[in-house]
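Quick heads-up: it's one chain on its own, the form predicted alone, in structure tokens.
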């Protein structure tokens, strides 16, 4: 067994209060990992106080709500941060108030966190939820039906319904264990994949709007005015719509640039398995995975420069054939 798993178990057993954080603007993996771990700790150690904190998104409210806690709860507490490659991404920076901080993540790490006493990072994992489920099963922690549902949601969303690189026999073995719990698969899929008519219309509108650069990079640029006109939010446009350029023959690298409420631009970068957009994201202060990364950049001029970098990435790899 991984020695870090045993160290994690030791830390969990030592603390009476445990607070679980994850990245802001949460996706299914962030929420699923957070709530799945909370449910496992509570089921295994019923006397412990376990909280989940951070901003919320309506899409994943079916898994449960965040806890509202005061600063003093962090006194003598253990903070576990899941699914966050970099500290600036973490929702609710009060994790720094905790006595001990542990990081559990599956993103490509740029550097170690000075604040963390333990880091469990496995960048070849398709999701953080699959990591946490593996930890739970190997440590023989108990798990509730809700916890299994949350972890399944995290795995199925971050694996692209088991299509993305990193989905292997180990992932399916973990999922086979999770689906033995009492939750309805259709309930999960209907919550995360059945869409409102307005979202379908939005996707159709953006599909007709995206551009293919001379260097072969497909991209979208969305201003705050666009978001208001579409009557939606930044998350729905940025991460929610980057996939409209995938699965198109001849498009191997694509990007979605969306202006946020502060005038910054959220860059979502994606590619097929031959390429590695993570290197571009890191150059611009972001990070993530080989095929799916992101960064927050200054403006649309920076976005244009990033497109040039993505074009160079395409050319470099194609010239190598």
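Note that the structure is predicted; figures quoted are calculated from it, not measured. Numbering follows the first chain given and starts at 1.
The discussion below concerns the form predicted in complex with a small molecule, not included here.
Although the partner is absent from this view, residue 288 contacts the small molecule in the predicted bound form, with a non-hydrogen atom inside 4.5 angstroms.
Taking the partner from the other structure, the small molecule in the predicted bound form has a heavy atom within 4.5 Å of a heavy atom of residue 86. Residue contact with the small molecule in the predicted bound form: residue 38 places no heavy atom within 4.5 Å of it.
The small molecule in the predicted bound form comes within 4.5 Å of no heavy atom belonging to residue 258. Residues within 4.5 angstroms of the small molecule in the predicted bound form, judged by any non-hydrogen atom, belong to 104-112 and to none of the other stretches in 138-146, 69-77, 175-183, 104-112.
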